[in-house]
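Next up: a single chain in structure tokens, the form predicted on its own.
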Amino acid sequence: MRGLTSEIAARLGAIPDARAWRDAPLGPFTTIGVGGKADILLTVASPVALAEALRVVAYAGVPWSILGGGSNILVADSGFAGVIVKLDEAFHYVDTPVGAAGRSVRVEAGGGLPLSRLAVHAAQAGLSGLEFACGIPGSVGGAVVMNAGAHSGSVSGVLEAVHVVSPAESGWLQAEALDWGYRRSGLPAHLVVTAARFRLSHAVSAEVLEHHRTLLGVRRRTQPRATRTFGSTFQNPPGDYAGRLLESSGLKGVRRGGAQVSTVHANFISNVGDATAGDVLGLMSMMRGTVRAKHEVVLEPEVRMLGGSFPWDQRARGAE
């Protein structure tokens, strides 16, 4: 792959509404701020450019992945041997009908728009349904893929349809056609979310904004602030909370290199200034192993890995 980088970068860069960078550091594009470089970082400004870029990499057999807001993403220290695709600011839009009648309103948002910004826009427009999202990091597209949620709400509860692009086709999928579950939508990995339509309800703007302030206050009291983190590290197991299991295992404040289990919430890992992906992976492996030994519960990551795999996956393969 690396020998083909120049040719592929030139082909991708020649696509209208696309820009390609070689050897692009990925850490700055993630919320935890660690990881190596991508062979190529490609930004696209239209669904047409995205489809053409996906056809180029598919034809060349080059590994690729989409990168949204960079939360819940851990990039390997060795980087990503392939193409990382990002939707640029052309996908940071919200389309809300003005003066729409009826009990509900359809709101369309670009896949690259930060989810929290969409929640604020809805509140200011006097629309309810996205309050749960007011403090969730990441993009609209990423939130759809992982069925992001908090405070008893989730994307699947308000999503009407999603626009996706692949190397072969593009179009709208109805939300009920997806295989929803806890932190998953069932969308195939080759589909990129470029837009989403939400069904929201009319409300008093001041009341929705007050709800935002309440939920954000809870986050400020219970989650780390002023530190780089990718959000929740592990999924909540059925009938329990990962944070409770990790805290009861005595893991708050434990550190590996530049990565530390938050002293505020044990299901958060903080980059305390100089962490590497190796530090984070080592800490995650220790956290997972400790909870398994103390509680006989196997925690599964909420974090997605780019350019590598989790240590326990490697051990499992070695045992085969």
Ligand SMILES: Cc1cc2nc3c(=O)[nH]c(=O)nc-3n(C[C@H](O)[C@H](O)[C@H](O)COP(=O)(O)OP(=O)(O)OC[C@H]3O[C@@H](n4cnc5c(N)ncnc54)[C@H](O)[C@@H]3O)c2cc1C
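Residue numbers here begin at 1 and follow the sequence given. This one's a predicted model, so the numbers in the text were calculated from it and none came from an experiment.
Note that the form predicted together with the ligand isn't included here; everything after this is about it.
Among heavy atoms of residue 66, some come within 4.5 Å of the ligand in the predicted bound form. At a distance threshold of 4.5 angstroms between non-hydrogen atoms, residue 230 is in contact with the ligand in the predicted bound form. The ligand in the predicted bound form comes within 4.5 Å of no heavy atom belonging to residue 197. Proximity of residue 149 to the ligand in the predicted bound form falls within the 4.5 Å heavy atom cutoff. For the three marked residues, 71, 87 and 193, a heavy atom of each sits within 4.5 Å of the ligand in the predicted bound form.
Proximity to the ligand in the predicted bound form, defined as a heavy atom within 4.5 Å, holds among 121, 219, 92, 184 only for 219. Residue 137 is the only one of 137, 79, 129, 82 with a heavy atom lying within 4.5 Å of the ligand in the predicted bound form. Of the stretches 199 to 207, 230 to 238, 169 to 177, 244 to 252, only 230 to 238 has residues with a heavy atom within 4.5 Å of the ligand in the predicted bound form.
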